[in-house]
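Read the single chain below, which is given as structure tokens and is the form predicted on its own.
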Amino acid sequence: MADQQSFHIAMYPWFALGHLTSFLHISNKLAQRGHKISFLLPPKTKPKFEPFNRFPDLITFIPIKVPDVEGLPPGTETTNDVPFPLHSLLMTAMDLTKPIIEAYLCDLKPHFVFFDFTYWLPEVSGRLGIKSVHYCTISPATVGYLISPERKLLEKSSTEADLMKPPPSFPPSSIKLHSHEARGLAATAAKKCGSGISFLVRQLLSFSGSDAISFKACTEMEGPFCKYIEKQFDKPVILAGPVVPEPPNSVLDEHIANFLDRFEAESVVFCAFGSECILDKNQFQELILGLELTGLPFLAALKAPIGAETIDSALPEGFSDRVKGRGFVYGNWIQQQLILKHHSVGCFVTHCGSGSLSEALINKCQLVLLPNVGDQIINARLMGGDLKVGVEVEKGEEDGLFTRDGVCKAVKAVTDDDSEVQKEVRTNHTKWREFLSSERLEDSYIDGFIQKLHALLG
């Protein structure tokens, strides 16, 4: 058993930037308390993450080459390198790293391995006497709704009709799916990916095989869902708390800072959809036309839509001239944390990725929720329905499409001072921001997290 002072953890997250980033955040929190981390990640990705390693004497990056898989472009390392339909091939490639990872674990002899999508890791680590922790980057509410053992996923795939309603003993909640969402999730769930196993079954095996399940979450916000998961999987659920990343040491790029500095406090609408969300051209145009329609200054960080080489080629005719000086659509990587903290930003239109929501909740900007796929949908219902800290953009029940008017309406709902909705979401957002920023909250969660890890070794 490790002594009470420190232990050694190996990290092997799914090769997606959001997952790698989330694992690095918890690595920094643990290293801050003297624990040693061996972080397995792709070679070309390593330099991108080195600036965010706050404890290089304790966190060691170990490059893992992504094996060649037929159909996967040479040099692919993360989901950011390939379109969504090829993500399953990256999963196949990660499955092929099993002997390499086993050799590393045998050599490193860590006390724990933290993982998420590599469902075979608990069996490997168990043989080596290493405890496995499924460090889950998606929310407890999402896991409880989609992957609960009550759904009997090993016996049958979830259908659209199944997913329209929660599992039988799921906690009371306003989480409900629309037809188009249930249909899309059922198709994704059934798709074979990596070793011929469907995505949801892979997840179910990851949760079932691990020694413990862990979330970046707080009892105060998602307690009922955590208790439900603990009961359903019959194993410890360990919460790491909010795991708020440290503010970047960098400053805003000059051209972004110059743009934002021109506007009054809390007047700018910031829209960002993460590193992987790519809209089709019609929805891309409806989104930015909706931002234009608000009459407010806006900054949108979006990838060029499907079929378009560049952002400029996808902009509606006359758009650039009409919004000149007050609207800016940006296609490169953007310093989201710094932008959300900027005094002029008053509204954040988000795709509802877990990382983006965490960053938004500790800032003053009001939330407009526009989920795209997967766990983002459940996150949006949790934020807009249960916690009431934002307003979701309306979509067609069957086709799932939103309009420029819908985007404008949601933005106006959270920015109009005379709106009852605005008063409610602002009050709730303030409450949770103060809670998440409260002194000692994070320390108490991380201290408890470490104690529970020690208990697993006992």
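Don't overthink the numbering: it's just position in the shown sequence, from 1. Owing to the predicted nature of the structure, the values given are computational and were not obtained by experimental measurement.
Below: the form predicted in complex with a small molecule, not depicted.
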**Study point:** Partner proximity in the predicted complex: S356 to the small molecule, non-hydrogen atom cutoff 4.5 Å
**Key:** yes
Review point. Is there any non-hydrogen atom of C365 lying within 4.5 Å of the small molecule in the predicted complex?
Key: no
**Study point:** 4.5 angstroms heavy atom contact with the small molecule in the predicted complex for R151
**Key:** no
Review point. Is D375 one of the residues lying within 4.5 Å of the small molecule in the predicted complex, judged by heavy atom distances?
Key: yes
Point to revise | Candidate from D386, D162, E276, D253 lying within 4.5 Å of the small molecule in the predicted complex - any heavy atom | key: E276
Check your understanding: Out of I130, A380, L291, I138, which one falls within 4.5 Å of the small molecule in the predicted complex, going by heavy atoms?
Key -> I138
Revision key, fill the gap. Only one of 319 to 327, 105 to 113, 346 to 354, 226 to 234 has residues with a heavy atom within 4.5 Å of the small molecule in the predicted complex, and that stretch is 346 to 354
